[in-house]
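Only one chain is shown below, in structure tokens, and it's the form predicted on its own.
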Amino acid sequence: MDTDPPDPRLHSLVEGIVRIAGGDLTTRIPLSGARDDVAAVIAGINLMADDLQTLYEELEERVESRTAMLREAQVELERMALTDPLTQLANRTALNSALSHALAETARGEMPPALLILDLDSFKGINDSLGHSAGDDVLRVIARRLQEAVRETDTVARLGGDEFAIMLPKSNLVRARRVANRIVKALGESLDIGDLRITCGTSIGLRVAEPGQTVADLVMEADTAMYAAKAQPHTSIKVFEPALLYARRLQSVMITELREAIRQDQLTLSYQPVVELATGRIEGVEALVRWNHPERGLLMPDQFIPLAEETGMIVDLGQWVLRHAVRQLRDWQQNLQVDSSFNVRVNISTTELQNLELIEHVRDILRETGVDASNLIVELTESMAVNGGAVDQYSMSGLRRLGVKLEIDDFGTGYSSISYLRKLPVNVVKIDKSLIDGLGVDEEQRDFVAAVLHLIHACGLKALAEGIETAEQAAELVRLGCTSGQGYYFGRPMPPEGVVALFSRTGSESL
């Protein structure tokens, strides 16, 4: 039986299908002039290959586009991870990376990097008096000035707050000093922030790297030098020297000791009488904290309060003072039978005022002791009362709602605006000692104090004069209409038993 020879197109068809299935979408099966089923299949396979090739090319384009977008996003994320969002400078991570690279080059024989760490001398005051928005504007201007003071190859970084760093690759002490001096000059020039002109100095710590140093060591030593520059008056630039580490270690030890002192009740309170000037009646006392250090003896507040502020321990310290002062007041109320209006004054810091737990803590202490809130007076600085933000206002209003009285301390040394006294939720204004010093001998000072007292009374507030040291000052204040005062003339700060002895000696609440 005869059979027809195989169609040669079938072999081409099979080969084409195998190549297309293997991924070669450019394959096309040759067509003949015939119009039969095989030709139709070949045409269909070729059309399918055309569609697949088009889809694949479009897919490749989309993949390439998405890959490029992902690469751009990754680059942007990496940039953001290494950039300070406020100033657009490098951040701490970027600085550490640059230092690590520079130190690696030093190990291969290149010149070492120099590191400058600086912070602004008056930035806290700017934030307190003008607000955080103005503070941010200042930081942006400072960032620009720092970049203008160095080369493009130098790394300028913001470490946080008002602290900046500059890394100078392949440098030496002479060049680093020259850059530091240029920065001092640039930051010493006034800044225009809105309608205000501000001057903002700086303190700089400088360290040129040595062989074998780690990034952490270099940063710590430059930072140590910066704190030494801040501690010395009229010193803007300090080069690191090993002796500075001893002072840093002492501070570290003192931080640990202060934390322990709060826990173990090594702190003590002294109390300075506040009197009614016309009669000498003791209205109350101001609580003043001391640290009874086991080795260094009795330390005054200026020896440890700044440290507590810097480390955040001021909140714990303030709570300790408040608790012990109110407890002491309760004891006097029970054992001395003091007048029902006898009060205790306690100072609080900005950090404490901004602590959202302050009101609850005060409420707990009053509930625990049974002391009436009106017998507690909280003293605030002028700048805290005037320039505080929403949290400060919340705390002041909350304390007033508890029944606690508020007093502006050191009036006459800060803002001293006529308008703000009428708006603040305060009860008492304490006139600073600097305004009292000339009373009794200076007629112009007498007129000035009279005007201040008139202002305070016109706002419906009570005035208290501090720093009274002579009978003449006390008598003049009585003539001017000031009702209350405190100072060495009436009594120095004394331990609790001194207050008991004072009452026993006078037989009453009068001095």
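Note that residue numbering begins at 1 and tracks the sequence as displayed. From a predicted model like this one, the values you see are computed outputs, not experimental measurements.
One more form of this protein exists, namely the form predicted together with a small molecule; it is left out here, but the text below deals with it.
Q: If we take heavy atoms and a 4.5 Å cut-off, which stretch out of 217-225, 289-297, 255-263, 148-156 is in contact with the small molecule in the predicted bound form?
A: The contacting stretch here is 289-297.
Q: So, in the predicted bound form, is residue 495 in contact with the small molecule at a 4.5 angstroms heavy atom limit?
A: Result no; residue 495 lies far from the small molecule in the predicted bound form.
Q: Going by a heavy atom distance of 4.5 Å, is residue 472 a contact of the small molecule in the predicted bound form?
A: Because no heavy atom of residue 472 falls inside 4.5 Å of the small molecule in the predicted bound form, the answer is no.
Q: Would residue 162 count as a contact of the small molecule in the predicted bound form, using a 4.5 angstroms cut-off between non-hydrogen atoms?
A: Flag for residue 162 set to no.
Q: I'd like to know if residue 347 sits close to the small molecule in the predicted bound form, meaning any non-hydrogen atom pair within 4.5 angstroms.
A: Yes, residue 347 is a contact residue.
Q: Scan 438, 280, 425, 301 and let me know which has any heavy atom within 4.5 Å of the small molecule in the predicted bound form.
A: Here the answer is residue option 301.
Q: Under a 4.5 angstroms heavy atom criterion, identify the one residue in 379, 84, 119, 382 near the small molecule in the predicted bound form.
A: Among 379, 84, 119, 382, a heavy atom within 4.5 Å of the small molecule in the predicted bound form occurs only for 379.
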